Every structure is written in structure tokens, then in C-alpha cells.
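A single chain comes next, written as C-alpha cells; it is the form predicted alone.
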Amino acid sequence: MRDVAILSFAQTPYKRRESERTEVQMVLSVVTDAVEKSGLPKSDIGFTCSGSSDYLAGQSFAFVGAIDGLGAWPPIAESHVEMDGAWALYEAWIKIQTGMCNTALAFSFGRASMGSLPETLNMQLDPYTLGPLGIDSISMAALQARAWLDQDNHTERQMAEVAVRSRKNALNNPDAQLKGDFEVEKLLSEPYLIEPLHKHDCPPITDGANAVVIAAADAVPSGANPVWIRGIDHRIEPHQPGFRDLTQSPSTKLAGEKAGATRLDIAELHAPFTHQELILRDALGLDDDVRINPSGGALAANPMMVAGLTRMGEACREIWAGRAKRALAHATSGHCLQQNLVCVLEGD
């Protein structure tokens, strides 16, 4: 296996609605920033992969238009995944492992504000048995939360504590959308959004984009501060939610084992709902010594198709700032933690 490092990370400030810039303009800003920070000339980037969803843009092959943000020159080798940008990074990592290239750029973008996101995500469900029911993503998460609460003496207070910590951590993140110092009791007194989920248990609607540059060890430029990808793996569970135990995440557990998720200082978990963070913590065996989501996580900003790659970038930021040596980044896709990716990162 070739040693591969993340050289740079860039993201837009995450907003409820990006009304001033198009997807192309957002992509242009983060790609330009990431390439400049990497220390590599743009012409040396050997492969580019993007992550996005045509359903969010409301048109087929929307990612083709976003390529305008990369510039017309020099020519590029390009690919796309209809997934979170974390999977775009995974494909770029694979390309480096095969020797097809030595350096790569991965980027992602999403503007969920343009439609009704909970209803749009209904398109991820089975089109014959579940899709026609019209069930939305929050209702699906509520079913998962109810199943989780009904076992092992779990409580809504535990969920509210996750929200309070996440929003408080986000106070130190200039790019976070939701932040503040909240009280558990006050949150629990609020009405349900969809029982047993309160509004604070759910992620915000967010627009944003991000980008990373990665390189094989022999292509890391002099003077760089690389964060090494020590392990990366992703797994998938049955498409039908009824075919699995929603209170557990065996795919995350297996991906974590394959990626070598041990001796961690921090973990950036892509948990859009409060109870999902607690499920992920159990799956990964994270103890109280591991700081969870110092950036605020997906409860502070959840740009669709972007938030998973953001977990990797935020983990790198902690390492670059000297607040962590070894970190875990997690990304998820699909309803109720259906698909999960785990990446273990380590400072130089």
C-alpha cells in the first residue's frame, strides 16, 4: 500500500441559504483555496473526483456544470460519485494506490435549500415498497430513535446532551452554521418535531462546498504539513431498513476495525441526528477520553453530500492546530446510517 496524505482542506462558510453564489462559484472558491494551500501547482494534480447529488440541483448531470469551477486549463482526468465527498476522496485514494496518479483533488457541493430536503431524500428509499409511502428522512430517523430509546434505558436527555455539546463546540468553528450555549432542560421542554425527535435532535438545512488535495508520500511537496491516511474503509448495510437492527451500526464497526480505529484523540462523526452519534460511539468503541466532534459536527452544519468530507477536513484542522495527533473521521449516506465510511488520520 502506498502512503497517502491530505495536504490541504478548504470549505465555504456553511449557511442556511447560499443566495450570493452559484454551485460553480462555490466550487471555484474552495478548489482554488485547497490547491494554493497544498503547495502543488495546479498542473500537477493528476486526478479529480467530485461528490454531489443531481436530486439536490434538480437536474440531470448537474455535476458536469460544476466542473466549470475547475477551470478549462490544464486538461484533467475527472470522475464523479453520486455520494458524499468522502467517497470522492476514497476513489481518489484508490487511484493513487493503483499508480494511476500521484496526486488528486476531491471536492463536493450541495445546496439543499433549493427544495424540501426531507422529501428529496425519500428518493433514496426503495422505489417500489417505501418510496410511494412518502416517508421523509426525519420520520425515518424518528423510527430509529424510538427503537434506540426503547432499549437499554436510553433517554432523550442523553440525546439533548449531544446537541448541547455539539452547538457549544461549534462556537470555536467560524464556518459552522448553528452555534451557541444551550441548556438541556430548556431543550427538553420544547415541543417535538416528530416524536421522539425535537428540533435540536435534527440537522439544519445547509448549503456549502469543500475540497481537499491528497498526495502519495513521494509527491508531498517540501515544506508541507501532511496528515497521513493510516486506514480507510467503507461498508454498506441492507437497503431495506426493516432488514436490519436500526439501533446498531455493524457496517461502521467493521469499517472502523478495517481502518484501524484505535489510539484516538478525537473523532469527527457524521451523525445528522443526536441518537445517531450515540449509536456510532458504541459501534466504534469510543471511550470518554476521545473528544467527539470538536467542530460541532453535522448538528452544527449539515450540507448534503459535503458533511462527510467535512469531517475529514475538520479532523485535519485539529491535527494541524496541534490539538490532536491521531483522529477518526466518519461519513454516512442513506437513511438511518445505511452506508458508512471510516478514515483514520495521523499527523506527521
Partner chain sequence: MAERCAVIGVGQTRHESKRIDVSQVGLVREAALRALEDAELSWTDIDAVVIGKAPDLFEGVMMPELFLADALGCSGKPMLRVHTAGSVGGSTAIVAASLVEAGVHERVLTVSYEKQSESNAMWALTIRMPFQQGIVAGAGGFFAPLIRSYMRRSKAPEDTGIRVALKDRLNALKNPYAHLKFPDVDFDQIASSPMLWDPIRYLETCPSSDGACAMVLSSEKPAKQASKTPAWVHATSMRTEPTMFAGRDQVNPQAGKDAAKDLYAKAGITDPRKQIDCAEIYVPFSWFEPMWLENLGFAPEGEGWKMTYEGATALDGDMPINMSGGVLSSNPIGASGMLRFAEAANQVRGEAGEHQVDGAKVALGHAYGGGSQYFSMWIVGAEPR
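Residue numbers count along the first chain shown, from 1. What you are looking at is a predicted structure, and each value in this text was computed from that prediction instead of being measured.
Keep in mind that the form predicted together with the partner chain is missing from the display, and what follows is about it.
Contact annotation: of the candidates 77, 171, 217, 188, the single residue with a non-hydrogen atom within 4.5 angstroms of the partner chain in the model of the complex is 77. None of 259 to 267, 274 to 282, 229 to 237, 171 to 179 except one has non-hydrogen atoms within 4.5 angstroms of the partner chain in the model of the complex; the exception is 229 to 237. Shown alone here, residue 120 lies within 4.5 Å of the partner chain in the model of the complex, counting heavy atoms only. Interface residue remark: residue 286 is not counted as part of the site for the partner chain in the model of the complex, having no heavy atom within 4.5 Å. The partner chain in the model of the complex comes within 4.5 Å of no heavy atom belonging to residue 164. With a 4.5 Å cutoff on heavy atoms, residue 223 does not count as touching the partner chain in the model of the complex; it lies far away. Applying a 4.5 Å heavy atom cutoff to the partner chain in the model of the complex picks out 1 as the lone residue from 1 to 16.
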